[in-house]
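Next up: just one chain, as structure tokens, the form predicted on its own.
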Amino acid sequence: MYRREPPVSMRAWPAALYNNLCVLSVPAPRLTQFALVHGPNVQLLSAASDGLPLFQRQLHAKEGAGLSFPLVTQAYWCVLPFRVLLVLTSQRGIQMYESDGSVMVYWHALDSGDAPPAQALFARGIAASGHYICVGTWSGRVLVFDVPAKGPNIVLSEELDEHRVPITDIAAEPAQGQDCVADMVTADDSGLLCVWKSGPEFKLLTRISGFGTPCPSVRLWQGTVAAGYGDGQIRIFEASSGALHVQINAHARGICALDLAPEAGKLLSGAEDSFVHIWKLSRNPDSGCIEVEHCHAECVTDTQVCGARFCDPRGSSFAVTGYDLAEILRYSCV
């Protein structure tokens, strides 16, 4: 069971974008950092365990002298082996900052290519896999950036071209040095999932066909893919084969956020029906199949949920954001 804790007040409210909350836990001073998108700005906050905001600032995504402020589509902290970078995606490109947003270390402009005049350009979907940062685009391409241990010498090393419609989300988890183990999954507006093995050359392991509805959020945990869809369903797949383990009619409306607590196997889902659910995933030792147990439900009354994240790897606390709500709601285990 979870109980509601004092919320974290903000100066602005989040935009109505799915996956519009990122959480970075800082164990040493026991701080939790939050990032969320509001128009052309990213709101950065640090809060103590009692919910009091200790630091709050707005990061403007202005790109070049004289240019207007483009709309930001996502903000995400990428935890790499030797550094942490804050990555922003927008209508014009991709920006990478030091973790506190103080210094921009890299800027990549989107290439319109052969896009028709009416096509909107944007980047969306961010994940870190090893020392690579992967970012999705409007065209379905996934850009792979090779990030050094320090400095700004970031290189676009590869483009993955398996999707034909815009990328919605990307998730990754450490492969722990095993061969042919899936450690990244990409999702798109058609619901197609592509499972990858990262490395100097990314290898496509399997394609999981869509179900005629977008997949706004996806997560990867111990060789399984958890995908949330626009019809409110959650589906759990075997990453290596694409086999369907579980299908859950989780929400009455489209899912806008999924998150996983890797140390506990807890799955968090938030949707446009104003509900947030906690699920427990486990693998049956006899059959090897994934089993799901419902643990908790929370109704965020009169709020369109747009972001939900665990605040620690054990899943003992989580945070929720909603459109037109100028505070981050926090919950912790009783």
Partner chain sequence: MSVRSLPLLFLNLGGEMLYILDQRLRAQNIPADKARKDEWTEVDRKRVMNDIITTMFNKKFLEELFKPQELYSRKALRAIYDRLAHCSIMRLNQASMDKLYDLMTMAFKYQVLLCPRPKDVLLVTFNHLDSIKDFIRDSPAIMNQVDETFRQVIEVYGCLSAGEFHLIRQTLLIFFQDMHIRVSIFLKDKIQNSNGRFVLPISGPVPWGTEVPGLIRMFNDKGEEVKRVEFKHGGQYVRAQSEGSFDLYGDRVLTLGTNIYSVSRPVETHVSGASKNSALNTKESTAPNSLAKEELNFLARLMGGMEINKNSGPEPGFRLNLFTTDEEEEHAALTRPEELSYQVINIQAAQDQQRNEELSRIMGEFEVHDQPQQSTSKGDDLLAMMDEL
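Residue numbers count along the first chain shown, from 1. Please read all numbers here as calculations on a predicted model, not as lab measurements.
One more form of this protein should be noted, the form predicted in complex with the partner chain, which is absent from this view; the next part is about it.
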At the 4.5 Å heavy atom threshold, is Gly212 in contact with the partner chain in the predicted complex? yes
Please run the contact check for Gln95 against the partner chain in the predicted complex: heavy atoms, 4.5 angstroms, yes or no? no
Any non-hydrogen atom of Leu45 within 4.5 angstroms of the partner chain in the predicted complex: no
Should Thr186 be counted as a contact of the partner chain in the predicted complex, where contact means heavy atoms within 4.5 Å? no
For a quick test of understanding: in the predicted complex, does each of His60, Gln304 and Tyr323 have a heavy atom within 4.5 Å of the partner chain? yes
Assert contact_stretch over 246 to 254, 194 to 202, 96 to 104, 139 to 147 against the partner chain in the predicted complex, heavy atom within 4.5 Å, equals 246 to 254
Heavy atom within 4.5 Å of the partner chain in the predicted complex: which residues of 260 to 285 meet that condition, in order? Glu272, Asp273, Ser274, Phe275, His277, Trp279
